[in-house]
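One chain follows as structure tokens, the form predicted alone.
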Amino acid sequence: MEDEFAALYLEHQLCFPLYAVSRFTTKIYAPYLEELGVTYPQYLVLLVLWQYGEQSVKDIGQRLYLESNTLTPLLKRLTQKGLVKRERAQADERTVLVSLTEQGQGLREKASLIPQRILGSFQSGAISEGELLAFQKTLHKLLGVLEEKVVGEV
């Protein structure tokens, strides 16, 4: 006899393994980020700035899927740490531009070791690098689908 509520079983939920994997992965990052003196969300902001250079708060939020009310205190803490600076754009004072300080730019080299360390921490033989890269590709595809759906509904 089939359970009419089987669709509600935890193991049948797409969101649960994504949530759990995200939490565990963030924990694996923690000691490496501690060496940099940043949290995971702060690290994500630094990744954006290292890749794209000066960005508006709005652009950073779009790239990281973060709302302004989440991003603003995060940027404030990065500013207090001396890693970024925030300035109003001369062309439009409503726009706040965020850029790396010399200290923030200096963390880039130390941070460049993190991706390989993370990848190495997953290689217990249970999952290959190829499987991880394929999973990452699938996640990016899923993110694109979900972004289109969510943005389309707003």
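We call the rigid core whatever largest set of C-alpha positions still superposes within 1.5 Å between the two forms. A residue's number is simply how far along the shown sequence it sits, counting from 1. Predicted model only: the values in this text are computed from it and were never measured.
In what follows, reference is made to the form predicted together with another copy of the chain, a form of this protein that is not presented.
Between another copy of the chain and the residues P115, G53, G37, P31, the one pair within 4.5 Å by heavy atoms in the predicted complex involves P115. Though the partner is left out of this view, V57 does not reach within 4.5 Å of another copy of the chain in the predicted complex, counting heavy atoms only. For I127, a non-hydrogen atom is located within 4.5 Å of another copy of the chain in the predicted complex, even though that partner is not displayed. Using a 4.5 angstroms limit between non-hydrogen atoms, E102 is distant from another copy of the chain in the predicted complex. Another copy of the chain is not drawn, but in the predicted complex it has a heavy atom within 4.5 Å of E109. Contacts to another copy of the chain in the predicted complex (heavy atom within 4.5 Å) from stretch 4 to 36: E4, F5, A7, L8, Y9, L10, E11, H12, Q13, L14, C15, F16, P17, L18, Y19, A20, V21, S22, R23, F24, T25, K27, I28, Y29. Relative to the superposed core, F122 undergoes a C-alpha shift of no less than 2 Å between this form and the one not shown.
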